[in-house]
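Take a look at this one chain, the form predicted on its own, written out in structure tokens.
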Amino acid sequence: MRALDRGWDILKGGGPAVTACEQAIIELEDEPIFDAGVGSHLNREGKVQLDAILMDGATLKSGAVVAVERIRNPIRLARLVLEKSEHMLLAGYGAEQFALEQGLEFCNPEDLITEREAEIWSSRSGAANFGTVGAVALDVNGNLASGTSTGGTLYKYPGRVGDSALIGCGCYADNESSAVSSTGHGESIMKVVLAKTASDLVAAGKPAQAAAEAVIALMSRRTAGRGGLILLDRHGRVGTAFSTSNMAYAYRTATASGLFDIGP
């Protein structure tokens, strides 16, 4: 609920949707239970490599970073790419160089590794914590935004990039349709361009919930992977769906709110 409150406070004060998404995700990146920021899964080399994206539905511009190792909150760096760079995605060394130029503080890579994740990596137990984090928002000016942040899959190959930071896959926002953030098996999500496909269904007239359910059904039919998404249309209507064993999510509107952690 802290992340929800942090984002809602921005919107309630008349702030922009991109800031609400960024601030909600910062709260989640700082919570070690999630596979984002501190507490992320370790790759084959025992390192944390982080991906994040933030997208503005008014301009269709996104800012994304992948495979960064010295940034505690990669969503902050994604925001800088969104607003300060002519590019939309920066990787590895280049992304960290841009962070340095923008005055974003580096952390020690070891600071991102929790004792729990180190034990999982050492034992090769395959146990995993909760996954990718994301947020979607609609502000008082009618602007939509979405964001996604992740540490990726456990034991991933160094340099592997999943869906999370790819526009249209792990994230999409368009003021004319909806804002979407995805989670799940990245390679499968990429195959069906999950976030953009969901947004296109909304643009074509499907209600938010029906669009969310339809795109997860498509993913299940065309791939072997599982996933989920949160969706917010331009009228503020919420849609959620998932084929994973569970997916925790929360929402708040001017008239309703909910917090869910639904199992099988």
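In this text the structure is predicted, and so the values were computed from the model without any measurement. Heads up: residue numbers just count along the shown sequence, starting at 1.
Only in words, not in the display: the form predicted together with a small molecule, which the text now covers.
With the small molecule omitted here, the record of contacts in the model of the complex names 161 to 169 of 81 to 89, 100 to 108, 138 to 146, 161 to 169, defined by a heavy atom within 4.5 Å.
By the criterion of a heavy atom within 4.5 Å, Arg76 is excluded from the residues contacting the small molecule in the model of the complex. In the model of the complex, the small molecule lies within 4.5 Å of some heavy atom of Asp35.
Thr150 belongs to the set of residues with a heavy atom inside 4.5 Å of the small molecule in the model of the complex. Taking the partner from the other structure, the small molecule in the model of the complex has a heavy atom within 4.5 Å of a heavy atom of Thr132.
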